[in-house]
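Single chain ahead, by itself, as structure tokens, in the form predicted alone.
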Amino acid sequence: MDRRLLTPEGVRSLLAMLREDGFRIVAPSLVGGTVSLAEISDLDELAVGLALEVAPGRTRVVPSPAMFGSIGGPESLKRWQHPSQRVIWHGERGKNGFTGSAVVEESAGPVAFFGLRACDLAGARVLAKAIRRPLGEQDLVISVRCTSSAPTCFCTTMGTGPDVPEAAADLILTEVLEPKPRFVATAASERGAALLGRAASKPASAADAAAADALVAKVAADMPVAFAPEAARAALGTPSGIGWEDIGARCMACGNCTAVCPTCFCTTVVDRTDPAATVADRIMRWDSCYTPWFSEMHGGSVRSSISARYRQWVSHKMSWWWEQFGTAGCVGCGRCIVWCPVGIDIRKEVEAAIERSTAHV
């Protein structure tokens, strides 16, 4: 499709138009001391000129020359695709006894997701396979191609980035800083083309398009391959308790990795009543395979040790997910590395599992 050139102000105008069209806007914002996806009520809430400096177990907000320089905040599309908590049944006690019914979730209106990266979109696709719940048909996606990466990124290993497939978004932006800030925009759907047609833009020159593509290609070329996915699938395909003792001593079983992971989908169901027992709710909420009671059966937990729980999580992500959903459960976003309190690096643990599996060969 034709590629257009937008100024930073032109990009802001896109967001203003989305607001006028009745979209709720989810975009990078400064929330709780970090840059993360959040619903914004005003364009001034955009995290413009900010980035996240990340490492295993560490992150901080730093200035960025890019308008949208942040990668890998704690929130992914999962919170909108698979809410962390929702009432699925509601009952009340009345004059004629206790009555209840399932709660049908009502849409709060279409959402425009702005600033999504390739790994975010891949995470949404993978999660949709598991929960059979893609983004809403009325939702609109404006993605940003990665022109830089974090040391915790490994999307090239998982084949999910850094480039954005045209079929994954409505409008794709590439931020180019030199010699002056500008965005090369590609409309990837009719809705994206209509939105772009209303913005102040001009045709992108061949030089502009080449500069944008070169930035993305450099990110891909510079990102080291973390491990061989097929080798990981084979190595982790058969459960083995050998070699996981060290991870059991370091892992806190806090569940941070499953909370920030864009594809973890496990839930539990709890019941809640008011003190007078007149109202009752059944609530579905996120759970984690790191909690001892997640696999509890008569007699106790199936996976009583932390090492067994970590092995279960990483084996499911990298191997067993293929049998269930025809793809890996990991998209290489690196969130689990950054937001782990003790900085456990899934790449190193997978590589160690591969080495153990081939040690006898």
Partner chain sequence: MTARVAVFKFASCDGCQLSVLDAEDELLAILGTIDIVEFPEARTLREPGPYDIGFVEGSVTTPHDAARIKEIREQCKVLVTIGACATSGGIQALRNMADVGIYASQVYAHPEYLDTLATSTAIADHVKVDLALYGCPVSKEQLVETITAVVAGRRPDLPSHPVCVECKARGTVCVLVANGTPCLGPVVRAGCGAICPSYARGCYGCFGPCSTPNVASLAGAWDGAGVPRSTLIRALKGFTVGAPEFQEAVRAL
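Just so it is clear, the structure is predicted and the values come from calculations on it, not from any experiment. Positions refer to the first chain, counted from 1. Note that the rigid core is defined as the largest set of C-alphas that superpose within 1.5 Å between two forms.
From this point on, the text means the form predicted in complex with its partner chain, which you will not see here.
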query = Using heavy atoms and a 4.5 Å limit, would one call Pro65 a contact residue for its partner chain in the predicted complex?
reply = no
message = Although the partner isn't part of this model, could you tell me whether Ala352 comes within 4.5 Å of its partner chain in the predicted complex, counting any heavy atom of the residue?
response = no
inquiry  = Please tell me whether any heavy atom belonging to Gly49 falls inside 4.5 Å of a heavy atom of its partner chain, as the geometry stands in the predicted complex.
reply    = no
ask   = in the predicted complex, does Arg311 have a heavy atom within 4.5 Å of its partner chain?
value = no
task = Go through 105-113, 232-240, 287-295, 134-142 and give me the stretch that gets within 4.5 Å of its partner chain in the predicted complex, heavy atoms only.
result = 287-295
ask   = Between the options Ala167, Ala276, Ala206, Val225, which residue brings a heavy atom to within 4.5 Å of its partner chain in the predicted complex?
value = Ala276
note = its partner chain in the predicted complex has a heavy atom of only one listed residue within 4.5 Å, and of Val87, Ala194, Met252, Ala214 that residue is Met252
key: Partner contacts in the predicted complex for 4-33 (non-hydrogen atom within 4.5 angstroms of its partner chain)   = Val31, Gly32, Gly33
ask   = With both forms fit on the core, has Ala280 moved 2 Å or more by CA between this form and the one not shown?
value = yes
